[in-house]
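For reference, the chain that follows is the form predicted alone, supplied as structure tokens.
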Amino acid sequence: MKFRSLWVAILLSLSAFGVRADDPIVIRFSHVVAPDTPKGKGAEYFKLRAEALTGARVRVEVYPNSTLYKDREEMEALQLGVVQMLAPSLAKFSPLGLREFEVFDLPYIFDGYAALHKVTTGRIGRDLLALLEPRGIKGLAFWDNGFKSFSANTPIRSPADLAGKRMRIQSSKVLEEQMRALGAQPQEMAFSDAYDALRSGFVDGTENPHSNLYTQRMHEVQKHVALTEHGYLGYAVITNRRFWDALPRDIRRQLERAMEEATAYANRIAKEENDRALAAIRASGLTEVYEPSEDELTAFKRALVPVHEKMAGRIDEALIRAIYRETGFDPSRL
């Protein structure tokens, strides 16, 4: 895979030579989810608006479903300049040494979209995106996917029901600790490999917003879903900083406007897309969907919120406290 990716990178780089001045600027936008997810639709909306606002001086090529790069490859491709835009999940920045982004993985730190957006659209969000610039990356926006549910092939009613289960996670030390707090065994793997791992029984369960669970057909190989809404999955839309800074000023302003519009669109549809996916999962008859009671949700919160304190030294205790102040979250009330 590394050899194949290297050749793709070389070919894409070579294609940049010989481009005429009147040719459109090409933005290759790579992502790992399906086109009919919130991120997939947001990418297509950005393409539509970017090409319209620039009068076709920019052409956006969207590559969904890991067709160009997988999770572990895409960040390097962006830094090399062979793709110009990505929307990786926020946990993907930790390998760059930016552990602060793992704050978004902390379970139950956001009590819904209103609390979340106080962070992503405010000073804290801007400060986090600014941390990317020394790595050659320009952060453009935060996009929502949604809040996650646990799934497995056995009923999930309490934290104890996940004890001993092999649970697929994306690469994140916080998510590892989250699963261990439940007594589960975290199994890190690429998103594109999750369905086969669930189908084969290599892992017992996972966590996902419903749009991912449905569009990747994971519900076909998971008999139970519990609506725990225990964690948030979101993305940062990023671009190669050198590419961005080299754009003509008027093009950059038009792309900024296109990104603002695409962000408003993607975040507006995130909840409705997840609600639609959940309805489709219910209608499939393949998966039992369980809505925990208030007491059952409290049990999950009490099991998982201690992860905040355990990870404070890794992430940044001051950042966690700043989010508490911004959102009004108080772990002592549990």
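Just so we're clear, the structure is a prediction, and the values are computed from it rather than from any experiment. Counting begins at 1, following the sequence as shown.
Beyond the structure shown, there is the form predicted in complex with (2S)-2-hydroxybutanedioic acid, which is absent from this document and is the topic of what follows.
Here is the short version: of 116, 203, 233, 103, the single residue with a heavy atom within 4.5 Å of (2S)-2-hydroxybutanedioic acid in the predicted complex is 233.
Exactly one listed residue, out of 165, 168, 210, 219, brings a non-hydrogen atom to within 4.5 Å of (2S)-2-hydroxybutanedioic acid in the predicted complex: 168. Only one segment in the set 117-125, 84-92, 220-228, 243-251 has any non-hydrogen atom within 4.5 angstroms of (2S)-2-hydroxybutanedioic acid in the predicted complex, and it is 84-92. Contact annotation for residue 307: none of its heavy atoms lies within 4.5 Å of (2S)-2-hydroxybutanedioic acid in the predicted complex.
At the 4.5 Å threshold, heavy atoms of residue 27 stay clear of (2S)-2-hydroxybutanedioic acid in the predicted complex, well away from it. For the chain shown alone, residue 195 is not a contact residue for (2S)-2-hydroxybutanedioic acid in the predicted complex, no non-hydrogen atom being within 4.5 angstroms. (2S)-2-hydroxybutanedioic acid in the predicted complex is not approached by residue 60, whose heavy atoms all lie more than 4.5 angstroms from it. Interface residues of 249-265, taken as those with a heavy atom within 4.5 Å of (2S)-2-hydroxybutanedioic acid in the predicted complex (partner not displayed), are absent.
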